[in-house]
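First, one chain by itself: the form predicted alone, in structure tokens.
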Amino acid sequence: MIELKNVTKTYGLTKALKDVSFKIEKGEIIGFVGPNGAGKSTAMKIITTYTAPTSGTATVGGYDVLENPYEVRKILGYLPETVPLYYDMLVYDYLEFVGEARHLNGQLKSRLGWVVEACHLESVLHRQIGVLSKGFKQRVCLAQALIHDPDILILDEPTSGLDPLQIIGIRNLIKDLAHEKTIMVSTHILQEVASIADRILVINEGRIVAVDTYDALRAKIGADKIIYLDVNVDKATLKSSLNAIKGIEQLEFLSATDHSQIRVRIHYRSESVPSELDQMIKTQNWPLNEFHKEGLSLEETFIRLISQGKEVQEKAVEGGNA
């Protein structure tokens, strides 16, 4: 449904996108994540025909964004990061206006009713948009993106400004729509990505650095191989003993309650480490408070993906300059 091939976007001397390629299939929910300024919004603006690529090609629903922009817009619903609303209009009048602009004709009444219910706008339907809270403005803009029942949804920070209950509602709505629509969600909220996305595109400094399911990305960076240990032993003894176990890559000492109670996260690669560590604790007869495997947090996973992708890019550049 959406495909970018070798897309580059330049603003003066700045390259916002650098040779970006990816493909999104029909019915997929794609999480698009990256640091601020990574190129997420630029890629979405190209997909939605708001701006043109400097080079490369972008197609949406089989239509080229440069050759057939109007056909692309017919099948797209777009929620930009900054909501474009007419603040002097009532919510109902605004949605009716958008529906008429989309030429819904006989379907307008039913579609307007559906988006009002789906986006929970009943209580503000006859209020002026300008006086609404940020969360309600966000939902009004989401309603306009959905009113013409598009095949493809491009959502840039769709839950920005919403309270926890509203966020859950929007997530559930996105999941329900995924059965029949292709959805691309840009967000900095990693829990959002993990809970709704089929695959994740990670972008950094204008380049795609990773594409896969969330679980697969965690597995690639060894996210499962961490042991949390809370034990009553002095730090020097513990550190010396742990360093003697082959396969341990990093010791991350956490706050200690006193000199004899130490908490540490043990990053390892070898599958034998947990059993060796367990045997060592029993042999040394250390008083054990807690001992379990844990995964990287969502934030740590994101940081590692970005840093690993950056290392790959730097090596590629070095290789090209060699």
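Position 1 is the first residue in the sequence shown; the rest follow in order. Given the structure is predicted, the values throughout are model-derived calculations rather than measurements.
Heads up, the form predicted in complex with a small molecule isn't pictured, but that's what we're talking about next.
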## Note on the structure
the small molecule in the predicted complex has a heavy atom of only one listed residue within 4.5 Å, and of 29, 38, 262, 65 that residue is 38
### Task
Sort through 96, 212, 230, 81 and report the residue having a heavy atom within 4.5 Å of the small molecule in the predicted complex.
81
### Query
Of the listed stretches (55-63, 41-49, 272-280, 285-293), which one has a non-hydrogen atom within 4.5 Å of the small molecule in the predicted complex?
41-49
#### Entry: Partner proximity in the predicted complex: residue 16 to the small molecule, non-hydrogen atom cutoff 4.5 Å
yes
